[in-house]
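Form predicted on its own, single chain, as structure tokens, below.
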């Protein structure tokens, strides 16, 4: 599961019109997709249709940059959370005195699962198509303080490494006989604590090394910073932004009259 989530956070450079699109436009598209899954919460059929449309749109778009398989692996890793949503729906029907073995329960649960997956996938569209440098430039264009921008960019860079290191430690301990599939919750928690201790220590060491490197490079010495990566809207960016905004406005209008 850790490696699947790491795949979602790792950017890979591919020559494609989608990659060349302005990151601010891609961020707005992700917001449009995410908002569409939220506003169409009922009826269940309409909610499922919109969520499916969002999934197909993101899936086909990411297929053009060969990232659809990574997205599918990430969705598969979220099966535990999907099962938890189903369990909550079953408990909700039972506490209300309703029978969960009905078509109504299947329709409501299916639409909620699709909405949950579509909401996650909508922002994966932005994460998989934007480099850390473009992400930093996007955040700076939103007038966020540079220190916060640097912290968020560093987190995006190091999160995949952190997750991969967790998986490597778990795999190495499994080879040494540590049982992570035990049903004893106390023993299982103790095993995971043993796996996280070396990872946290390495993360602290890495953070101190980064702090020393930034100090050597005189980070923060200049208040008004400049950037090599400057965002500029092109005609293709404006065309895509206009088209997606028009589609989103149509969906909002449709929702208001339903």
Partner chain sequence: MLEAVNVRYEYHGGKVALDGVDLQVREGEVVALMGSNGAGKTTLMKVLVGLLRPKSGKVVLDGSEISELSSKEVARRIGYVPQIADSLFFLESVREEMRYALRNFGIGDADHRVEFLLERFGLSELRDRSPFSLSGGQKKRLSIAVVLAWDPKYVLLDEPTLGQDKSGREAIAWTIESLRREGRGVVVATHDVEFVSELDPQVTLLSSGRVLASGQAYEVLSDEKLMKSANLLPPQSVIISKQLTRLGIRTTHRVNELVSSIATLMRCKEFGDKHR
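It should be emphasised that the depicted structure is a prediction, and the values quoted were computed from it without experimental measurement. Positions refer to the first chain, counted from 1.
Keep in mind that the form predicted together with its partner chain is missing from the display, and what follows is about it.
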Next on the checklist: Since the partner isn't included here, can you check whether its partner chain sits close to all of 138, 142 and 144 in the predicted bound form (heavy atom within 4.5 Å for each)?
Outcome noted: no
Checklist entry - Do residue 201 and its partner chain come within 4.5 Å of each other in the predicted bound form, heavy atoms counted? => result yes
Next on the checklist: Taking any heavy atom pair closer than or equal to 4.5 Å as contact, tell me whether residue 38 reaches its partner chain in the predicted bound form.
Outcome noted: no
Checklist entry - Applying a 4.5 Å heavy atom distance criterion, does residue 106 contact its partner chain in the predicted bound form? => result no
Checklist entry - Is there any non-hydrogen atom of residue 188 lying within 4.5 Å of its partner chain in the predicted bound form? => result no
Checklist entry - Want to guess which of 79 to 87, 144 to 152, 114 to 122, 175 to 183 is within 4.5 Å of its partner chain in the predicted bound form, heavy atoms only? => result 175 to 183
Checklist outcome for this item: in the predicted bound form, the residue from 169, 127, 161, 75 with a non-hydrogen atom within 4.5 Å of its partner chain is 169
Checklist entry - Taking its partner chain in the predicted bound form as the reference, which of 197, 230, 45, 56 has a non-hydrogen atom within 4.5 Å? => result 197
Checklist outcome for this item: Applying a 4.5 angstroms cut-off on non-hydrogen atoms, the residues of 233 to 255 near its partner chain in the predicted bound form are none
